[in-house]
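Heads up, the chain below is alone and in the form predicted on its own; it's given as structure tokens.
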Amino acid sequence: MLYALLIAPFTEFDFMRRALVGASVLALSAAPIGVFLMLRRMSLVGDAMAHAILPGAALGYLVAGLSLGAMTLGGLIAGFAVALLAGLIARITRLREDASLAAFYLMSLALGVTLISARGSNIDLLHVLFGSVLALDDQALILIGGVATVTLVTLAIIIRPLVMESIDPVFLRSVSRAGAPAHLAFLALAVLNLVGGFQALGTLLAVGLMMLPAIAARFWARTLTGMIAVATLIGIVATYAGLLLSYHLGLASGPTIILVAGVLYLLSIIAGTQGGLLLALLPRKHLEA
């Protein structure tokens, strides 16, 4: 009985195994990015950049149809362009970077949907917006694996200036010039992971597997290493449970994965060992602050 519920879908169907592997590797890659976005108070920036890749992906679709290479290249170009333009506008005007990103995000979303609607069908639009994790092929798995490899290697290289800039950017600027390159490399990794996630979860949901596990991990760990490890675990658990629920209940796989991650986030708020609501209700020791 348990075998049929928990294991059989992945042993019997190749598309389920591909979905599990692809989304789990994506969680492994996106979790550290999400943790740093949260620590740097840039959680909504990830959402803005996720939508920023839509026009590029739409142009790739118009040129070559549902081609992985064309849509990926278009998404990368659009994501990097929006990130650089938002940063440039923030530096030459009084507008903050988050505000300029919000403006570009709204324009990108509207432009992308308009382009796909003008030349494609509603099914094509749904595929781009919400992805199709059950349709991952070898090319998509290789792309996601490549994104994960580049992300983890690059983070290992820039981890020190990235952590220092997250904690005390003024001090980092006084002792090193590595802050700006680390920031740009980090934004590039965020775009790269969102493009990889777009293949499985679409532009609207790709950021979900990046941010929800990271925010939930804040209620279970105090150290950076602990938060990254917990966020990765939550992302993989959400992937596995979401795919199982979608299979047995006949639900859309991508949204179900994100919903499970959301439920785990809510449970973390309630039962987390680092600031959870239940812990706050417990009586404290005498004279404990």
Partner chain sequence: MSEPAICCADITLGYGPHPAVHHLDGDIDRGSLTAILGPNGAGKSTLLKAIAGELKPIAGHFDFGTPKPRIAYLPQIAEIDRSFPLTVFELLSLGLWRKTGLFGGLSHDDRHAVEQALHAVGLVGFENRTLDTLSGGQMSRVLFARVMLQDADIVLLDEPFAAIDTRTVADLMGLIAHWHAEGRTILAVLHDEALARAHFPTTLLLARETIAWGPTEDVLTETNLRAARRMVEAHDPHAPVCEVA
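Residue numbers count along the first chain shown, from 1. Because the structure is predicted, anything quoted here is derived from the model rather than measured.
Below, we turn to the form predicted in complex with its partner chain, even though it does not appear here.
- Among the residues S174, S117, Q139, T93, the one placing a heavy atom within 4.5 Å of its partner chain in the predicted complex is S174.
- Checked against its partner chain in the predicted complex, the residues A50, A57, A238, M227 give one hit for a heavy atom within 4.5 Å, which is M227.
- Its partner chain is not drawn, but in the predicted complex it has no heavy atom within 4.5 Å of V263.
- Among heavy atoms of F36, some come within 4.5 Å of its partner chain in the predicted complex.
- When its partner chain is considered in the predicted complex, M164 lines it closely, a heavy atom lying within 4.5 Å.
- Residue contact with its partner chain in the predicted complex: A178 places a heavy atom within 4.5 Å of it.
- Between 153-161, 190-198, 81-89, 205-213, the stretch whose residues reach within 4.5 angstroms of its partner chain in the predicted complex through a non-hydrogen atom is 153-161.
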